[in-house]
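Only one chain is included here, represented as structure tokens and corresponding to the form predicted on its own.
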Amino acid sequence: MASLGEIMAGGREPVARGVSTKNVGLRGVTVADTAISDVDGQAGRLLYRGYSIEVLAERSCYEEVVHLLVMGDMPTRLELSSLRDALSAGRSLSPEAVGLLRAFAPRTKPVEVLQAVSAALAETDPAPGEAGRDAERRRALDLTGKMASLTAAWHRIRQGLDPVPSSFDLGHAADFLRMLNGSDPDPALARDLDVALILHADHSMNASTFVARAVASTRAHLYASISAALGALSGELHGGANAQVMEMLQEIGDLHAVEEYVRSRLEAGERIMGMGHAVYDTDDPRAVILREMSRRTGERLGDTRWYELTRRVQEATQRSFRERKGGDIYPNVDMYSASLYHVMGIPRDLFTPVFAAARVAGWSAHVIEERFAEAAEKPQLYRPLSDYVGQYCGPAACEYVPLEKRV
């Protein structure tokens, strides 16, 4: 039974034993209201604050989407200029932040570096005691800028190179590529990444977003919430999935090997990475856009091999799935982002950090929404139940046996 403190903090009576409804994995369970994004899995629709992802990918830019998610609306020209300045300032790393990066061994996984450093950034906050929605928005924009520059700086540091300072003259995506590679990117390539960042900026109550909101519900600071989200993102079934897709494509290696690879994996009861989604029962709208981007970018750069391999894996998986299950399966956001990032020259182990560099805006928006939700809307602290399935020693607790008498 919940303590009195939990009852008071939660604003509701405790649930009695034996009357809870179990849903392992929380699939289909609504845990909060949100005005940030909406996923319609049956219609294959994704909205950011009411705007369709297709329209945003075609007509907007990542900076506009950051304003939409974090600030709550589309920016005016003046607001967009101000936000770009804030992101540019955020991309500038302090000597302390660079020193933290240099402390890691070169073999450390990039996403683990981001998780550690993003939490430590709390100590560099210029106004740590400043509270309120505006203060959290300031921190959110700063973290959004820093997630890109930390990723690029770590990649260079682990190669024995110095980080490239950020530029106020480039957009967020273009500056990331410049800091990563040390030279100004092709504008078309920068636009491709800009669209990819838009597509990954938010996706409602996914695993990492739920973790961020759960941590925020304890009144932990934004940096701790984002660090926790990065931990969830590091798993191969979430943010690590597109790296797993690329590993799969490199293992297959040849178009003629696709059918056998898919058949053997499915016969062994294993999954094909990049296929299927926990929410979408039809095309993932992000995958539709990324598929065309992967094809177009591959053609422009003279390397369509990875797009063609991905498309063949998709077709073979769908065909086999229909034969075995009598239904349909569709590619998710990770399927074509893998080949796109690869031909753009982004190392495979940076795929998840690039995801984080996009999603940090969405995470931050959800943390702010969680932090400033009306008290009547939900309990302040997430506190689900679990069913105890361990041992019982009769009607009461087990008898404690002193160590010297145990055999």
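One-based numbering along the sequence shown. From a predicted model like this one, the values you see are computed outputs, not experimental measurements.
Beyond the structure shown, there is the form predicted together with coenzyme A, which is absent from this document and is the topic of what follows.
**Student:** Mind telling me which stretch in 143 to 151, 328 to 336, 110 to 118, 216 to 224 gets its heavy atoms within 4.5 Å of coenzyme A in the model of the complex?
**Tutor:** Comparing against coenzyme A in the model of the complex, the contact stretch is 328 to 336.
**Student:** Spell out, yes or no, whether the shortest heavy atom distance between Leu237 and coenzyme A in the model of the complex is within 4.5 Å.
**Tutor:** Yes, contact at 4.5 Å.
**Student:** In the model of the complex, is there a heavy atom of coenzyme A that lies within 4.5 Å of any heavy atom of Arg271, even though the partner is absent here?
**Tutor:** Arg271: yes, in contact with coenzyme A in the model of the complex.
**Student:** In the model of the complex, does Arg59 have a heavy atom within 4.5 Å of coenzyme A?
**Tutor:** Output for Arg59 is no: heavy atoms all beyond 4.5 Å of coenzyme A.
**Student:** Give a yes/no on whether Pro128 approaches coenzyme A to within 4.5 Å in the model of the complex, heavy atoms considered.
**Tutor:** So Pro128 does not count as contacting coenzyme A.
**Student:** So coenzyme A isn't shown here. In the model of the complex, which residue out of Gly182, Gly276, Gly72, Pro165 has a non-hydrogen atom within 4.5 Å of it?
**Tutor:** Partner contact (heavy atom, 4.5 Å) among the options: Gly276.
**Student:** What is the one choice in Leu266, Leu189, Leu255, Ile157 with a heavy atom within 4.5 Å of coenzyme A in the model of the complex?
**Tutor:** Of the listed residues, the single hit is Leu266.
**Student:** Assess the spot marked by Tyr48, Arg133 and Ala356: is coenzyme A within 4.5 Å of a heavy atom from every one of these residues in the model of the complex?
**Tutor:** No: none of Tyr48, Arg133 and Ala356 comes within 4.5 Å of coenzyme A in the model of the complex.
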